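Below, in structure tokens: the form predicted alone, a single chain.
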């Protein structure tokens, strides 16, 4: 079990580049493995989640190797091979749910397993639409969880209204739709991340998007013919969010983040921080599908705000850090409509509230969120804070620790490597002190 001690700092900021976007890396791993030829991918995340997904695709017949910063993925030309053993998906909920869709129409049987955290996360939400399409999905864990066995069958297109706003479920159904007969339509209750749609369009897969309805015509059991190409993974906005929020709440501090993805379906955090009084500017440098650019931040005194409704799906990963920001702002910060946080790597509502209270923050927990009253006089918790295996909880609390009155111990921090292997180095690069 790894432990880090994070020290309070008076100055914080600078310039950095964050690692590649985890969600985009995983989607590219899958579709490049499906393609004919060798794709060259720059910016692919070397974190555990993305690498678990890439390893699974290699077990299905693709091959991949890094040459410097470029990942070369040689695809299967649309014909996966049945793996000899279950696919270990590690901690990756995105990889598991999307891959289930991609495999549902293949003529093979594949079992997916994961670590203890992933094995607690609900999979019934993808089982339902896939079975409506004709797939055979077996969940053998307690409460509809992993291990999951997918027995590939002929699929038919469906019209499916998502019961929750979930980019993972949407993407799972669209990937299954590639191998279905007929038209597949997904209707979202609220806009969610659209990396799958943008990547489909980049790869020449026709989509029809009408507001919250996304449709595609299936290619049948043989699937689409995708040609390998050069692809770029933008810097992960969710990784940049920790630094952006921490600097925004520190008057006088300055930060520049370069090469970061600025997809509007990912950057709702910026709108919330601006509402709180943050001084933030963005500049798009290139736009080939997912826009990539620079974020400029200058710290200021922030005020509390209300966060909820349609903006929640597009900042769901950033909500623990926004709760931390609320502890540093004047007044109440209210998070609503975020019950989805309870079924992430941990119950992020309960764990975030518990950890904030350990710092001396006034927090009221709700079924679908919390109210955080600031500015809090932050005291270092007397006991080490456990990560509960959740990378975003650990990184959020590391940020809060830089504002505390004494060093803070964080336990089980190895989970950070799932999405951000360079996190601790970048914390020190910006002026933090870690042991």
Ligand code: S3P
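Residue numbers count along the first chain shown, from 1. Note that the structure is a prediction, hence the values are computed from the model and not measured.
Heads up, the form predicted together with ligand S3P isn't pictured, but that's what we're talking about next.
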_Heavy atom of residue 317 within 4.5 Å of ligand S3P in the predicted complex_ = yes
*Hey, in the predicted complex, does residue 267 get a heavy atom within 4.5 angstroms of ligand S3P?*
no
*Mark residue 258 yes when one of its heavy atoms lies within 4.5 Å of a heavy atom of ligand S3P in the predicted complex, and no otherwise.*
no
*Decide whether residue 125 counts as a contact residue for ligand S3P in the predicted complex under a heavy atom distance cut-off of 4.5 Å.*
yes
*Candidate stretches 75-83, 167-175, 104-112, 285-293 - the one whose heavy atoms come within 4.5 Å of ligand S3P in the predicted complex*: 167-175
*Check, residue by residue, if 46, 91 and 418 all come within 4.5 Å of ligand S3P in the predicted complex, counting heavy atoms only.*
no
